[in-house]
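In structure tokens, one chain follows: the form predicted on its own.
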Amino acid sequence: MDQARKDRIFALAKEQSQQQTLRFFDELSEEQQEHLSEQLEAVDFDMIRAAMTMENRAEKSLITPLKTLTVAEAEKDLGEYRAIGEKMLREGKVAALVLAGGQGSRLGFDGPKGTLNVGINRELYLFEILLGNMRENIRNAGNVRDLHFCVMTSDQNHQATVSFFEDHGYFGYPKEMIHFFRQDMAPALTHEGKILLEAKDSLSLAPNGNGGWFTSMQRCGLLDLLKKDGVEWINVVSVDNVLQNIADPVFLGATIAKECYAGAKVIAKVNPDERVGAICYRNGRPSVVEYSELTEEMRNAKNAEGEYLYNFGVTLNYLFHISETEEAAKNQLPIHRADKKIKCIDEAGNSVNPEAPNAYKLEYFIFDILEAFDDVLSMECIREHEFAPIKNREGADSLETARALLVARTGIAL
């Protein structure tokens, strides 16, 4: 590495008070020096500063109910909503984004979660199901063109995900309309805010949470590609829900008709204590509060009609208007700082496998961006029609329950 480049890297580390990241720099090969330098240059230092100075949001939050458009209420204007949404689909103004950076290890499956085979007597993969769900809406709208289908991966599973689509011929979907991009990474920090080293030539990095989807799309140029092709809305969904209703024209049409620039699909809770994030207002802004933030009194609070005030939980199916989200993304999102046990090396370069939490993992959550909008459409969907996640190896929200719901809803043979 030439001296000028080395001087810039050391100046950056000093400016950010992260000199410890270069402790072993002179021991490294030129290739290793470049690797470490590139990692350091990619760090979002604003995120680090915000994370280390943030206050406890829960303690300073005034949480109030947000009105949801229920299934019964939507039925009255269903035709209008569908017509608006299907027109947008025919014009290609909608793109889908699947959050697929995770592995299937929690399910006892070795591979990207989206490559999980849901079939019993035949192969039927999560990615394949999601593409099929979207294509059904496209066909029903009379669309003459395919929609962009974006897949956010992670460093851990990017190549395996791309290879999987290649090996399966993109499931008959046009290759040029499927886009893969990596989620941005965030460094693990000591409790004093210092970046940990995973190895002498590597920072300790982890995906920066599903809320980083928009800035990740910006940095890789995918957002510009979509805008150039006339896309105005992005439907962001999780990879693990086999009933995920992607590019739903009714949801899109209702969001537009209600003059909102963001929308969230929600389900009625089974009971007040169901552990799902509840859509609401936080300090007067649309938001989602985690179950742990709702007191027992709030969970059981009812309105004059006897309905629970915080009765609707999010399904991780969101709509975002691109240009409005660009404005929202200029604001610093709240950062979730989790205390974790992070493997690293110490000052002598020895490997450390801590027995107690030793570092913060930093994440953005997708629902936090909702707070940047003046209003958000919360729209109820029928649980049995649109919510069958695969999150656990057995029991509730498992592969077994998802299969049963998929067969009941579609009648397809697995």
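So that there is no doubt, residue numbering starts at 1 and follows the sequence shown. For the two forms, the rigid core is made up of the largest set of C-alpha atoms that agree within 1.5 Å on superposition. Values in this document were obtained by computation on a predicted structure and should not be read as measured data.
One more form of this protein should be noted, the form predicted in complex with a small molecule, which is absent from this view; the next part is about it.
The stretch that touches the small molecule in the predicted bound form, counting heavy atoms within 4.5 Å, is 206-214, out of 118-126, 206-214, 72-80, 164-172. Out of the listed residues I279, M152, L252, I246, M152 is the one that sits within 4.5 Å of the small molecule in the predicted bound form by at least one heavy atom. Here is the short version: of R275, K302, R106, K330, the single residue with a heavy atom within 4.5 Å of the small molecule in the predicted bound form is R106. Interface membership of T325, defined by any non-hydrogen atom within 4.5 Å of the small molecule in the predicted bound form, is ruled out. Taking the partner from the other structure, the small molecule in the predicted bound form has no heavy atom within 4.5 Å of any heavy atom of P334. Shown alone here, E363 lies within 4.5 Å of the small molecule in the predicted bound form, counting heavy atoms only. Contact between K113 and the small molecule in the predicted bound form is found at the 4.5 Å heavy atom cutoff. For K340, the Cα coordinates differ by 2 angstroms or more between this form and the one not shown after the core has been superposed. Inter-residue distance, Q103 to H168 (Cα): increased by at least 3 Å in the predicted bound form versus the depicted form. Between Q103 and Y125, the C-alpha separation grows by 3 Å or more in the predicted bound form, relative to the conformation displayed.
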